[in-house]
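The chain that follows stands alone, in the form predicted on its own, written as structure tokens.
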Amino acid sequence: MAVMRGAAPPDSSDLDPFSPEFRANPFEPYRQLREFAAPAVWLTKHSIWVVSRYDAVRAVLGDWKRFSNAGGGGLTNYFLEKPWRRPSLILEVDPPEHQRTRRVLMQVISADRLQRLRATFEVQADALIDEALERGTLDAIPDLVQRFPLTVFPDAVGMRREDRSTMLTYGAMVFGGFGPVTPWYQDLMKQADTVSAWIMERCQRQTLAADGIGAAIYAHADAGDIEQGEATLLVRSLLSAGVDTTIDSIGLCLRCLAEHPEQWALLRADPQLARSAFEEATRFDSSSQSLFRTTLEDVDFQGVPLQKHQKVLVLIGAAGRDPAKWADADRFDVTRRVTASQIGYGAGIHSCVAQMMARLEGEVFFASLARKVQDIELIGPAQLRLQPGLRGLSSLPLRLIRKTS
């Protein structure tokens, strides 16, 4: 990776954002980082910059001409090191290539398509929540939360119905690769060839339903908007990025509601708050706590000199708790209106292309929960995954009690 020429800058820290301790409770370290005088702080452990204040985070994410996505979405610097897989055509490229592929995805995940999918999503959410209520007690992550996005999103793409758990392994490889190489990740990557082949086989035109999003992507290839091989990679990007983030976002929101019964009571009384609750949970505790950008040139960033091809860790999770932006920032409030300002899906031209799909899934899931469930009771400690990658839960033991009227 690129290293600092000369001595470390005065605003530097030995915090390690990839450590289990940091990941277990990042919000105190976030506060420490926001309180540095400079808008960018040098992290000595990994020789990278970090920005954590809301305004600085938005500034970096909105400036693709200086802060590039083409350097890779994680700690590995693609300008200096070869990645283990071909970079994403949507997440790890800059304009003009990015605009060409993003335009295709925006057209195939249109507002009209989302509206047509809503009823199907509602039926699936109702069925899964009814099943959970019949059980009463369950581990909500594998038994409920994972099952919803693993059903509705691949169905919408046009993937055949089968055991889809391999998608979670592939997602762990993709997002786990954004951090440092650890023994956990090395062990996981022993499955890389098998899992990659499984995913790529399901991204082929002949395996996809004719009326799904995947087929619509291939139609753009037929029209000459993208190449045939690019269509396959765009389908792969959707299948790898459209499931894990939504699972973790729904799981974290469900934990928030279980831990804040007064907020659950507000949502239960008014299921139309489902979208607001999901948005607030994304601000309060996002599955995507951080993104990376890489400098394309020497940059003066608000008075801090950054050198060419240095990695910049953008802490969107810290921005979501910045008291300079949010009143009572550490309070979870389902009535807070945050949609236009929260940046859990990123910001700028590289913001999450499928975010409206994720928002629809979250809204539908929590509206169904509010209509059907009276009480949500934690019956054991929630377990966070502490390996590098997305922030999410591996376990959430709950008791759900059905509404009687």
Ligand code: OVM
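Residue numbers here begin at 1 and follow the sequence given. On a predicted model such as this, the values are computed, not experimentally measured, just so you know.
There is another form of this protein, the form predicted in complex with this ligand, and it is not shown here; the text below is about that form.
Residues with any non-hydrogen atom within 4.5 angstroms of this ligand in the predicted bound form fall in just one of 258-266, 126-134, 210-218, 88-96: 88-96. The candidate spot formed by V174, F178 and A241 lies fully in contact with this ligand in the predicted bound form, as each residue has a heavy atom within 4.5 Å of it.
None of the heavy atoms of Q146 is located within 4.5 Å of this ligand in the predicted bound form. Heavy atoms of S287 never reach within 4.5 Å of this ligand in the predicted bound form, leaving it off the interface.
This ligand in the predicted bound form comes within 4.5 Å of a heavy atom belonging to S237.
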